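Single chain ahead, by itself, as structure tokens, in the form predicted alone.
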Amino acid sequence: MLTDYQLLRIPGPTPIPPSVERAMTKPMIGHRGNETSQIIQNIKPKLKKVFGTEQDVMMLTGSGTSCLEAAIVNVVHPGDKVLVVATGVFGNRFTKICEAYQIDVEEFHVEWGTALDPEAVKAHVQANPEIKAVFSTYCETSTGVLNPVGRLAQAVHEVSEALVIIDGVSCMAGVETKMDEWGLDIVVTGAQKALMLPAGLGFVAASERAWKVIESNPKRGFYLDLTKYRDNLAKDSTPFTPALSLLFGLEQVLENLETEGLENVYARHRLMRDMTRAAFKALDVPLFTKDEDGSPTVTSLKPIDFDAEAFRKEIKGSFNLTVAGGQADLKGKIFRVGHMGYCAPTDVLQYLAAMEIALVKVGKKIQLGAGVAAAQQVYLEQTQQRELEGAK
């Protein structure tokens, strides 16, 4: 096997496009100079489109988790009551951050592998009017669920003034996000998923209502104080040293997304999800989530007649193809296939063909080619339908 060849199909970090890699090798420039200001000017309007907002999107040098922490420390105080809608490991991360700041946090538990029910959350919030904020993941990376965060925000706002704060790290730029239209108050994402960059950049946008809460908070921290990022962004700058090479790459990523067209980007991700799900159904490998809950960026599988870890080891050893395992209570029970960012239907057909061989090698009785054929059929149906719609 080629020693430097690998197929990375985990839900982040994801492969980086060659054009983005080239952009990140540009010579270093001064972070307070006009060149950097021009890059930020170019980035700002394009990031707004990804978020679906008229608000500026702030860029923090840090992982997505740093922005989750910023979203918390800027809007709630020690002792405040908040609700975390926990649909998996990363929903629970909100809880851990809140606990670190002595915030009175309650978890609204949802069965893992199932999307949240906005009406159930609404009833809980209505019965607990002291709740100041509701936190949820958009895509729950650990299970492959896409939560209906737009309907969640609408439901919560019908009965409460609580802010709705969303972790969109593992799906934004791969699924449609309409922050303003949906009434989301704070939305967070990171660089290393569908935005196709190395880890190290986090992004936060806040609604006008959220800004009123943030501005009235006297304890916003130092590095994570979002007012500093907002005020500097208005001057096409950052309050602290930015990750300049990542900004070079981000500028190229956003140009690539604009060239493809965001609607086409989202359609591509839905197509890859549907191809992957159809293939595993044809191979009789149980999906962990229902079709209506499945994320366009990651698919989770829960095998019953072969060992998930043996399968992951086999595809890694035979093809240097990496997929993710389960986390927490799901460790060893599921595996997760990432199909986001720099990934195309051709890649789906490639990893499915390799996975079929690995399934046979771990003892799963299948008809070779059945999964690939099912994915091919989905591809033909969806692309032909889009062609027909485009011709109208």
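All residue numbers refer to positions in the sequence shown, first residue = 1. This is a predicted model, so every value here is computed, not measured.
What follows is about the form predicted together with another copy of the chain, which we do not show.
**Q** Can any non-hydrogen atom of D347 be found within 4.5 angstroms of another copy of the chain in the predicted bound form?
**A** Yes.
**Q** Whether N92 contacts another copy of the chain in the predicted bound form should be assessed with a 4.5 Å heavy atom distance threshold; does it?
**A** Judged by the heavy-atom cut-off of 4.5 Å, N92 is well away from another copy of the chain in the predicted bound form.
**Q** Could you confirm whether A328 comes within 4.5 Å of another copy of the chain in the predicted bound form, counting heavy atoms only?
**A** So A328 does not count as contacting another copy of the chain.
**Q** With the partner left out of view, is L8 within 4.5 angstroms of another copy of the chain in the predicted bound form by any non-hydrogen atom?
**A** No, L8 is distant from the partner.
**Q** Quick check on this chain: which one of K81, R268, K228, K302 has a heavy atom within 4.5 Å of another copy of the chain in the predicted bound form?
**A** Checked against the cut-off, the match is R268.
**Q** Could you check which residue among A324, I39, A353, L47 gets a heavy atom within 4.5 Å of another copy of the chain in the predicted bound form?
**A** That would be A353.
**Q** Whether S19, E260 and G369 jointly form a contact site for another copy of the chain in the predicted bound form is the question; each needs a heavy atom within 4.5 Å.
**A** Answer is yes for this spot.
**Q** Hey, which residues along 304 to 326 are within 4.5 angstroms of another copy of the chain in the predicted bound form, non-hydrogen atoms only?
**A** Stretch hits, in order: S318, F319.
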